[in-house]
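Only one chain is shown below, in structure tokens, and it's the form predicted on its own.
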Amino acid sequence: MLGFELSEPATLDEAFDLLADGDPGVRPMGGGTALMLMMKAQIFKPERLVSLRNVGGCFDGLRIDADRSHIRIGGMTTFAEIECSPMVLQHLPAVVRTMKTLANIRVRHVASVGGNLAHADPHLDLPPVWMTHAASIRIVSKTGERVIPVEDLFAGYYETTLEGGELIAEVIVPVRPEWTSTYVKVTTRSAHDWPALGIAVSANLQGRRVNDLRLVLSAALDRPTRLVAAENELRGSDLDEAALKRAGEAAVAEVDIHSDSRGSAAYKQHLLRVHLSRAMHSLVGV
């Protein structure tokens, strides 16, 4: 790893000042777990890292709106804080379950929510889960702020739509007690390894009937992606084998799955058909 300077601003304004000149050698840092690995591999070679650990404000903590309609998760909140939060367990149980096989406990005590999203590795477990929960992110810069759906953040492999000097301040997740969710991590290696593919599902069910749903595929593509055609096959239908088969075929047809060290495209297409069906069955307790 090449040498670098570490800056630890105490306020958000100080952080913006350090990032304002657009120098590609200056990068913001959340927990730094992924960034450090890429620096060791010399994929990134920053001359200065601007740590956000001390900026506080909306970057820290977990809270629920007064009307209990949304949970707000600060961009510097660690995975361990989310995993151990009774509030998250009550309202977003699929998020807590996802944590159990996300990296390891050491990483979860350091990695931050905002940094995880900004990293934009398509193999990550949480982004597809946020997408099925219809989560948004609040992005701040020295000139203002904007709120976008999580799915609008990703532009490609390790690429986002963040502009220079923009930072992810918080993740905003609707509280939807009538919806149930799950995440299926399909890996040919250990449970904590990168997945060959990930499938996140959130659905509003009435018995076995699907009133509405969101399906997201990750890891097998260059970014987490909504399976809109598969959603359309299931929305308004009963969860029988015929509907699930149609949804599986629609899912395979609408995305360009990649071959890599975790399996061929054909193998991952098979996994998608099988595990999409299993994920939907799990939501109705079958």
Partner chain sequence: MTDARTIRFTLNGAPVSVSVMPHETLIEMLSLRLELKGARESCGQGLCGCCTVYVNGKSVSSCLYLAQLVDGANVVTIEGINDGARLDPVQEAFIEVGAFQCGFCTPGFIMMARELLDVHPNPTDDEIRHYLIGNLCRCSAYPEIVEAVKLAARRRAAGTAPALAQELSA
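Residue numbers count along the first chain shown, from 1. This one's a predicted model, so the numbers in the text were calculated from it and none came from an experiment.
Note that the form predicted together with its partner chain isn't included here; everything after this is about it.
Every residue in the set Leu2, Glu5 and Met36 has a non-hydrogen atom no more than 4.5 Å from its partner chain in the predicted bound form. Of the candidate stretches 88-96, 146-154, 106-114, 161-169, only 106-114 has residues with heavy atoms within 4.5 Å of its partner chain in the predicted bound form.
Proximity to its partner chain in the predicted bound form, taken as a non-hydrogen atom within 4.5 angstroms, holds for one residue of Arg235, Arg223, His70, Arg53, which is Arg53.
Taking a 4.5 Å heavy atom cutoff to its partner chain in the predicted bound form, the contact residue among Leu49, Ala251, Leu244, Ala219 is Leu49. For Lys142, no non-hydrogen atom is located within 4.5 Å of its partner chain in the predicted bound form, even though that partner is not displayed. None of the heavy atoms of Arg63 is located within 4.5 Å of its partner chain in the predicted bound form. Residue contact with its partner chain in the predicted bound form: Arg209 places no heavy atom within 4.5 Å of it. Taking the partner from elsewhere, Leu227 is found to have every heavy atom lying beyond 4.5 Å of its partner chain in the predicted bound form.
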